[in-house]
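A single chain comes next, written as structure tokens; it is the form predicted on its own.
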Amino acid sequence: MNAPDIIVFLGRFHPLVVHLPIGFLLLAFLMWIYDHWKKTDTFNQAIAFSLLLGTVGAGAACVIGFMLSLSGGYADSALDWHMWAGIATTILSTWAYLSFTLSLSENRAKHIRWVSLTLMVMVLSATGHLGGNLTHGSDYLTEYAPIIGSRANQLPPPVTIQQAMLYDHIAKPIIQAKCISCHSDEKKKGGLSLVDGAAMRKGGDAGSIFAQPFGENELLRRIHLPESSDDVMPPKGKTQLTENERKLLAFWLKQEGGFGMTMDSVGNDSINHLAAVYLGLEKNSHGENNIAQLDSVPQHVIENLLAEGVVIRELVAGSNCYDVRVPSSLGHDKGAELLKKLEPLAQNIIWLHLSGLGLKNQELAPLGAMNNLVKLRLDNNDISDEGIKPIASLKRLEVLNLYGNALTDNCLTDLSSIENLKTVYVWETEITESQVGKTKIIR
């Protein structure tokens, strides 16, 4: 359903508005319980006022909630139950308010208050639960419950990466944490539910999530969009997928779900390594013990780079050691230019991320001056074997990501000359070796 933008805009205030009447109605109920317990009518006026505010707020929440429902993406049955429960709460609170303000006999008023306030709280609780189901999924409340919760019945964690299941241990937890709140049976954004394999194969408005060719796969496209995009998944404002999670989901999609597949049968060292890191079976920390006090950098140098869109983070406060990232969203045409502009910061860069910038061999010369570099990401650029030469002199380099470049075994000689190099990621290259001296080649 395509609702006008103004309706959707107003509808999105529903989560903000709905909590106010809940507070007022519960406060009225608690004051009434206190008065009943003490056998007084001390709070009658306060109860009436609180019920009035709660009723008006509940009515507003119903209207705004209806506007939100017009944006689509919700299961009709679950939405209907939530909507009618909200309307019933508003009617009961109105009934309760009138019992405190109309001229009724004491006995009649008492009975109406008993019925209306008790039912109001019961229906209010049900309404909140149904709303939570729409937002977070039907097992949100019970997920961590002993015995009956889904967590209690999940597979035990693997001891080794070979024992891990591609879907159950890796893809499913990522989906549950980052995707299911928008793609459950209760809330199907884009008509898509990710609750199980059958729903995934059925897909949503764009078809099955396993649709090929993968260059046209809508889910794959959306999880790789920048966070600023309106189409990014998860949507703006929610915790985004990490780069590791994106790669694991991309591999899982290419296996058409890999339901029942163990990591032992994957046959991809790079993916096995990423999965092991995700599951906590292998550490992914490099350079943390190499942080030392370096000379300070003029503040204007850092400010100028930040103004260009470069992301700079000090690894340890006061160390003048930096983790620097040039976002791929800045575009291929600015990658080489910004790399040159890093030269004043060269001795202070410990971790450097230059992923997806379209960098070419001849544009990597500034890297040769970064003598303290420990971790370098050059994945998804236009680098060939010659591009390794500028970084062969980086004696402190421990981790190098070359995934997605046009590299062959001819570059291994240069890689072997980097004396502290421990790990090189070469997934989707033509490198065939798995070990060069002390260096592990993850492919």
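All residue numbers are counted from 1 along the displayed sequence. Just so it is clear, the structure is predicted and the values come from calculations on it, not from any experiment.
Not on display, but discussed next: the form predicted together with heme C.
- Shown alone here, H183 lies within 4.5 Å of heme C in the model of the complex, counting heavy atoms only.
- In the model of the complex, heme C sits beyond 4.5 Å of every heavy atom of I271.
- Although the partner is absent here, A369 is not a contact residue: none of its heavy atoms lies within 4.5 angstroms of heme C in the model of the complex.
- Interface membership of A171, defined by any non-hydrogen atom within 4.5 Å of heme C in the model of the complex, is ruled out.
- Contact here is defined as any heavy atom lying within 4.5 Å of heme C in the model of the complex, and by that definition not a single one of R325, L330 and L376 is a contact residue.
- Residue heavy atoms within 4.5 Å of heme C in the model of the complex occur in exactly one stretch of 112-120, 307-315, 262-270, 175-183, and that stretch is 175-183.
- Of the residues given (L342, L194, L364, L134), L194 alone sits with a heavy atom within 4.5 Å of heme C in the model of the complex.
- Listed residues P235, P158, G356, G257 were compared with heme C in the model of the complex; P235 is the one with a heavy atom within 4.5 Å.
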